[in-house]
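Only one chain is shown below, in structure tokens, and it's the form predicted on its own.
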Amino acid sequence: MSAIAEGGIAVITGAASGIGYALSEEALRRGMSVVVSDIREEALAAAAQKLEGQGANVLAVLADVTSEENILALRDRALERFGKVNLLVNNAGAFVGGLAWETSAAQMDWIIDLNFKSVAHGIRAFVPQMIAQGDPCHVITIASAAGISVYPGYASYSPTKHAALAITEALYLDLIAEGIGNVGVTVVMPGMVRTDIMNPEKSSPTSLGLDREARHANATVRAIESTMTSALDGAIAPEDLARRVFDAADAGELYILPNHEGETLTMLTQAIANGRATGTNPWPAIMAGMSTRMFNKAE
């Protein structure tokens, strides 16, 4: 029996917009009640109002996922309202471009806390409760294709998405090793999705002082962020991604790579993974060639 079923309870972080909001709508379509969480109070209230307008049973909880205390409070609010949690979606995250030697310690700490440690907080907070419940449950982590590959300007993003992938794989293996069969695990590694990912300032701490103009003073960072922004128009819609994510989790799949179905991309992804294991990774050479074209310093 699947955890994604009518009467189930879903907790989704970063749910005020983008992928998180689309996942919330998809959970509702599948008969679940939803606990939506975000750090942006007004955006969260607006999202909850829209969901409730669809006849949904929704609880909105303001939370900063970089704080373990906030995640524990989110769990407690969900249990207080619904008595159980069947699905946890670790979705909250952000992208900020930067070079390896220029990314500040403060920015690196924030991205690590948001993209990786929030997943660890969610696992620690919710999985013991799921195990104790004994009914079908599931954990979904929204990682990224950047959890497999690395690009110039991804000095903070790729490492945290690699870590989010790894800890979710570790959860999957730990559950098997412990003989726990009621908790499933799925990790999602999408490429570009039509969201507001290129506006990290919307949810970053004011003290961090993220500034697009300052980042774009560097030609490489400007090029990668401009390329990503341009790609958004042709990217997968969050609603389409949400359906595919829930279908994969419903089927018990560990991995979903929604932008990697083509033969070329599949071969490249396999080459990266196999290359790392054997020390013959073709990715650096491929990126060196791409960089000559994509990251030309000339205006």
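As the structure is a prediction and not an experimental result, all values here were calculated from the model. All residue numbers are counted from 1 along the displayed sequence.
FYI, the form predicted in complex with a small molecule isn't displayed, but the following is about it.
Contact check for residue 191: a heavy atom falls within 4.5 Å of the small molecule in the predicted bound form. Contact check for residue 182: no non-hydrogen atom falls within 4.5 Å of the small molecule in the predicted bound form.
The shortest heavy atom separation between residue 92 and the small molecule in the predicted bound form is within 4.5 Å.
Mapping the unseen interface onto this chain, residue 158 falls outside it, with no heavy atom inside 4.5 Å of the small molecule in the predicted bound form. Contact annotation: of the candidates 139, 78, 224, 114, the single residue with a non-hydrogen atom within 4.5 angstroms of the small molecule in the predicted bound form is 114.
Though the small molecule is absent from this view, in the predicted bound form it lies within 4.5 Å of a heavy atom of just one residue from 58, 39, 28, 268, which is 39.
Remark: none of the three candidate residues (9, 33 and 128) comes within 4.5 Å of the small molecule in the predicted bound form, counting heavy atoms only. With the partner omitted here, the stretch from 183-191, 167-175, 120-128, 98-106 that lies within 4.5 Å of the small molecule by heavy atoms in the predicted bound form is 183-191.
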